[in-house]
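Just the one chain here, the form predicted alone, laid out as structure tokens.
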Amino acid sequence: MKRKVLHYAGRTVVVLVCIVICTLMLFPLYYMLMSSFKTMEEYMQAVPTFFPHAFSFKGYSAIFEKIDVFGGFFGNSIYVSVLVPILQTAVCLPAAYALARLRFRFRNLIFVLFLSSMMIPGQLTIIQNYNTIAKLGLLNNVNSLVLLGIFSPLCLYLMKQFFSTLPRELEEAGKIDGCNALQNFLYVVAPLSAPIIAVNLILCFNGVWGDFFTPMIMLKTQRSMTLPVGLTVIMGALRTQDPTVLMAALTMTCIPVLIVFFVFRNKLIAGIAVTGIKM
């Protein structure tokens, strides 16, 4: 009897802790959403309200009145956030397979060099990247973000570790059927890589969508800005000092991320279970 009481008490404590943590994590999103429906007067009150007294859509109306400005930021972010994960996966998947399965000289050294690049902060390489992008004539062009994002050491590491867990008997069976290394990769290994591909696509999409530092350096014109940078100038572009407009813009910015998460959450969970990564 005592064990049952302790068991249920322990579960109750765990549930309560999880509820508190979830509340703390979700409260900023809730407050942002509710603030987007407030009037400016209610938002600026000394004592904040957690639910609007009267719903106001002025913030969203202001955005849709200048949808060409906000839509440009939104379109640039969609373009980069969709293209980069696809190209990154296309580049890192065969590279990871080669490092995991093929035998060649300096293979481990190459892999260690790639991993060591993860220890270098992006702020240290931004000047060289800026000079390279300038020489290519891609400043103030969203394609500069695509070029800088098509390779990721983290993506390479995750995929290599995933390939290392696959049974070699699958590829040996392919060799018996006459497959070479490329055919083994295309017809045997790649179809089994859906979980890690899904994880990389989702994580990369979220990372690129919320990236502020690199676009801030590479994109200076309003026409080329992505949403994180564009939101810093949207108040001026809309010619308003109403903070509820910014809250409405932030709320709309979160929608694509939430859609991607809820649509692919099962694949994300399965991929995390396979790769063992921590969120």
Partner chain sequence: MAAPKKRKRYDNIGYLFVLPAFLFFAAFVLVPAVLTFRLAFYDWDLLSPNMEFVGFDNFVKLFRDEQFTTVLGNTAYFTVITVLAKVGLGVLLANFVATRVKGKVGQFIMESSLFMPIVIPMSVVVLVFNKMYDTEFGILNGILRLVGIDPVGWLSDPDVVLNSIIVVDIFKGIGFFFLISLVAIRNVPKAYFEAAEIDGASKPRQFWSITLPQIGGTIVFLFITAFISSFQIFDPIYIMINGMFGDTKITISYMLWQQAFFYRDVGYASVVSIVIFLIVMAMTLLQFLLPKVLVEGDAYEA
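Keep in mind that what you see is a predicted model, and the values were worked out from it rather than measured. Think of the rigid core as the biggest set of C-alphas that the two forms share within 1.5 Å after superposition. Residue numbers count along the first chain shown, from 1.
Quick note: we don't show the form predicted in complex with its partner chain, though the next part is all about it.
- Between the options 197, 188, 147, 139, the residue in contact with its partner chain in the predicted complex by a heavy atom within 4.5 angstroms is 147.
- Its partner chain in the predicted complex comes within 4.5 Å of no heavy atom belonging to residue 37.
- At the 4.5 Å threshold, heavy atoms of residue 57 stay clear of its partner chain in the predicted complex, well away from it.
- Residue 173 falls outside the set of residues with a heavy atom inside 4.5 Å of its partner chain in the predicted complex.
- Although the partner is absent here, residue 224 sits far enough away that none of its heavy atoms falls within 4.5 Å of its partner chain in the predicted complex.
- With contact defined as any non-hydrogen atom lying within 4.5 angstroms of its partner chain in the predicted complex, the contacting residues in 73 to 98 are 91, 94, 95, 97, 98, given in sequence order.
- After superposition on the rigid core, displacement of the C-alpha of residue 18 between this form and the one not shown amounts to 2 Å or more.
- Superposition of the core reveals a Cα shift of less than 2 Å for residue 255 between this form and the one not shown.
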